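Below sits a lone chain in structure tokens, taken as the form predicted alone.
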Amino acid sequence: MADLTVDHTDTLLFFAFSGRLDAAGIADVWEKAGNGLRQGNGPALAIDLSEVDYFDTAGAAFIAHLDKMALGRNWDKTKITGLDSASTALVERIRKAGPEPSPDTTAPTGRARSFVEKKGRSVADFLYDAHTFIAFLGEIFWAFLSSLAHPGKIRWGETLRVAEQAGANALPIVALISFIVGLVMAFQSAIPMKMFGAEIYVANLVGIAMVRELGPLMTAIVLAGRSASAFAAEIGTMKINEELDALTIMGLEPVRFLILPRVIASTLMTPLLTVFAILVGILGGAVVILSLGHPFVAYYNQVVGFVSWGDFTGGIIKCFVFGILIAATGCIRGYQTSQGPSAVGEAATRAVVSSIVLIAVFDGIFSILYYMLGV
């Protein structure tokens, strides 16, 4: 059986284990170790395992757990002694494989962080997340380029399934939102234009807004809510169930096997849905024009005469970028899912928020670029 001796000093909490650190032995010392950590003042934990007779994976996981609990209290790195090199490597591997330590809100935190330190930590976390995102995008892009040389390696069946779920099944909600947007925009613009007898120019406004801006933007936001969250939930569940690790062990790259079909499907379906959203939005504006007494032919001529193919092309180019961002963000957030009962929900939420933020940022970039190019 296992035994634990706890010793406190002003600068150190000392744990000395003896006996067998296996599943049964850990049960004997678990409560004592937890109480010792909660009552200790730190700022460091030292663990002596020189008297341990037997040490297996359960013991390594237990030591890694104690280390993470100490780090969660903002203590210094745990000092572990008495292990051979193989056991030390096992503890380190388990410590790195698990989730990051969460702060212990019930424990004393010592010195409060200053404003500059908090903001610096936030900036560091943002930069790390941006670095991870860009690296993952590069990995997806490389997998896509390498698949172009061997198209047969792409899972086209999975790509079509995702295209149906993300594209065809999204037609009703895209149609509803686009029709209402076109309808409301036409009503709101018709009120001031009626004062000057220029109600027919509502068609120009609805046509150019739907083609260049609102059609691509509203479609992308709908897909961010539907597809990005779905991708994050699917891949996050696979990660929690260790299916991604199983794919790696079998020699299958998760990026090529799971993520690439979703990126391809989203990139191809977003422009098609956008064209559908543009047509439905323009029809919504036509309803208002007809209610004002103008014939449909006049509305059609105004839209066709004012909206050019350059406007249409500019809106469609946005859609390809939006499709890549939506799929990649959903898959990346799913791949970053941590352990816990709420991990999948948090990953889906982060996927939606990140997708919408990136869509807004890139939409602004496109607007500035088109203005500078005179498009």
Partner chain sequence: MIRVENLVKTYGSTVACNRLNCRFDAKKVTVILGGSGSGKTTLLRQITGLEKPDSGSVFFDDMDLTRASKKDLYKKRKKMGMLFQGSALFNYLNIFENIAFPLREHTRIAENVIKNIVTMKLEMVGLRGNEHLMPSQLSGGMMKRVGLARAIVMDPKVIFYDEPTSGLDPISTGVIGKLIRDLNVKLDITTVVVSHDIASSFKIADKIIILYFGDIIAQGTVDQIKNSTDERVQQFITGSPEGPIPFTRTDTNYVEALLADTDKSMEKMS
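In this text, rigid core is short for the largest set of C-alphas that superpose within 1.5 Å between two forms. Positions refer to the first chain, counted from 1. Keep in mind the model is a prediction, meaning the values are calculated, not measured.
Form predicted in complex with the partner chain: not shown, discussed below.
- At a distance of at most 4.5 angstroms from the partner chain in the model of the complex, all three residues 139, 242 and 247 contribute at least one non-hydrogen atom.
- This chain is displayed alone, yet in the model of the complex one of 254, 271, 167, 284 has a heavy atom within 4.5 Å of the partner chain; that residue is 254.
- For the residues 306, 30, 320, 312, the 4.5 Å heavy atom test against the partner chain in the model of the complex is passed only by 30.
- Among heavy atoms of residue 55, none comes within 4.5 Å of the partner chain in the model of the complex.
- In the model of the complex, no heavy atom of residue 222 sits within 4.5 Å of the partner chain.
- When contacts are judged by a 4.5 Å heavy atom cut-off, residue 238 counts as touching the partner chain in the model of the complex.
- By the criterion of a heavy atom within 4.5 Å, residue 66 is counted among the residues contacting the partner chain in the model of the complex.
- You can rule out all but one of 58-66, 345-353, 321-329, 43-51: in the model of the complex, only 58-66 has residues with a heavy atom within 4.5 Å of the partner chain.
- In the model of the complex, not one residue of 287-326 has a heavy atom within 4.5 Å of the partner chain.
- If you fit the rigid core between the shown form and the other one, you'll see the Cα of residue 134 move by less than 2 angstroms.
- Comparing the forms between the shown form and the other one on their rigid core, the Cα displacement of residue 15 reaches 2 Å or more.
- Superposed on the core, the two forms differ at residue 89: its CA moves 2 Å or more between the shown form and the other one.
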